[in-house]
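First, one chain by itself: the form predicted on its own, in structure tokens.
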């Protein structure tokens, strides 16, 4: 059997409420600092769940790197562009291509792919209609006749779910395979999975993989609250008193390359993508199997794809969204797959919030940074682990990773579960 081609990581980028680089965010995790705080982007005086992890000192023009683009993109696109730019810069992609002759540079661009996990559950695109609806009393004839003059003509372009795919490709001259994935909370992780698969299958020599989302807006928060998914004050993964999740915003990005491509251009390697697994429980839109069947199957598939034993894993980055049913089934799945000798388990949402489509991407980026330091960040909001899964090796304080390998879990609506196995350089 032919060995699977190695897929390495040569650049990374991340932004969320806890920082604007993987190092800064992991620093915050290790220092026990949470970005969850009262929402500042709208009046939440009478809001039922007013807590989220927003990006501090948000400046769209600075983050996007092009003020003119702001006419065409939204907040979620801005953070996606920022994370992608950081990953591309660290990889030295543009500088290397600039030293090639014209034909080689063209080939380099054509052999570079782009995969983006994009959020599809926000409603702010509709808010441009509200003033006109109010002015016309909601009467359809009046609304229709004034639509062109009452709504920004760029509305359609700003609302496209593939804006990050489009503008990252334009900015960096990426002309190879590409895909925009919208699959709730597993979107960002699947962008990494698809990018790595494209390289391993010979479709591209390198690819930028991005997950981005900014779900903190009134309608979205209200609907999640209505579904009973949001915590009152604090996100407590795996705690006996956990009562829900809280939202965050941001993006994570990786520059993936074949090992041959990275060696050919002398790129520094940050780590390697070893394998991935994906499973669906098919129980319903919000329903979750109590026995953890979905995440267990995804983890076993990822370990098999990576060609490693469960004992090789040094740390697990759990989805850990703080909702009672998800945490319980995820914990049981981890114990089922790894047994009594499971490696240290952690999660990052207690500090950065749930970034929905960006969650799996940014948490994979942070896993690489944590592995580089050999540390498993603790979960300071954990007061008492739920007795239903007391054997889960999760702690308030940091621990040492058992190895340079991490397994990252991501879960989404519709019973989707994804697992990714990565190794630090």
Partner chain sequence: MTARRRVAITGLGLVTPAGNDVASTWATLQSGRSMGGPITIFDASGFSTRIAAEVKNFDPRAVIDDRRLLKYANRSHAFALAAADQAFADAGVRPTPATSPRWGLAVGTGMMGMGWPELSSLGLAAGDGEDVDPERLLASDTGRDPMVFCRAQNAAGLALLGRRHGIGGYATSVHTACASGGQAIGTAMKLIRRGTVDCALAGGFDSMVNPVGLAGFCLLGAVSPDNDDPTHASRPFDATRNGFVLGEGAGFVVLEAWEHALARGARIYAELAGDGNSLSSYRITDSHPSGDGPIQAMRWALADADATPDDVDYVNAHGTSTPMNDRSESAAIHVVFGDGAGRVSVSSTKSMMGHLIAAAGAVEAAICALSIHHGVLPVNANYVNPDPDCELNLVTGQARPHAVRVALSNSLGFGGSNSCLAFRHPEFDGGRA
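If you superpose the two forms and keep the largest set of C-alpha atoms that fall within 1.5 Å, you have the rigid core. Model, not experiment: these values are computed from the prediction. Residue numbers count along the first chain shown, from 1.
FYI, the form predicted together with the partner chain isn't displayed, but the following is about it.
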(message) Quick check on this chain: which one of 324, 176, 92, 344 has a heavy atom within 4.5 Å of the partner chain in the model of the complex?
(response) 176
(request) Counting non-hydrogen atoms within 4.5 angstroms of the partner chain in the model of the complex, say which of 99, 153, 311, 339 makes the cut. (result) 153
(request) Decide whether residue 300 counts as a contact residue for the partner chain in the model of the complex under a heavy atom distance cut-off of 4.5 Å. (result) no
(message) Given that the partner chain is not shown alongside this chain, does residue 235 nevertheless sit within 4.5 Å of it in the model of the complex, heavy atom to heavy atom?
(response) no
(request) Considering only heavy atoms, tell me if residue 266 and the partner chain come within 4.5 Å of each other in the model of the complex. (result) no
(message) Given that the partner chain is not shown alongside this chain, does residue 197 nevertheless sit within 4.5 Å of it in the model of the complex, heavy atom to heavy atom?
(response) yes
(message) Using a 4.5 Å heavy atom cut-off, which of 254-262, 344-352, 218-226, 79-87 contacts the partner chain in the model of the complex?
(response) 218-226
(message) I have 241, 384 and 399 flagged as a candidate spot, so tell me whether each of them has a non-hydrogen atom within 4.5 Å of the partner chain in the model of the complex.
(response) no
(request) Could you list the residues in 232-250 that come within 4.5 Å of the partner chain in the model of the complex, counting only heavy atoms and keeping sequence order? (result) none
(message) Quick check: residue 134 between the shown form and the other one - does its CA shift reach 2 Å or more after fitting the rigid core?
(response) yes
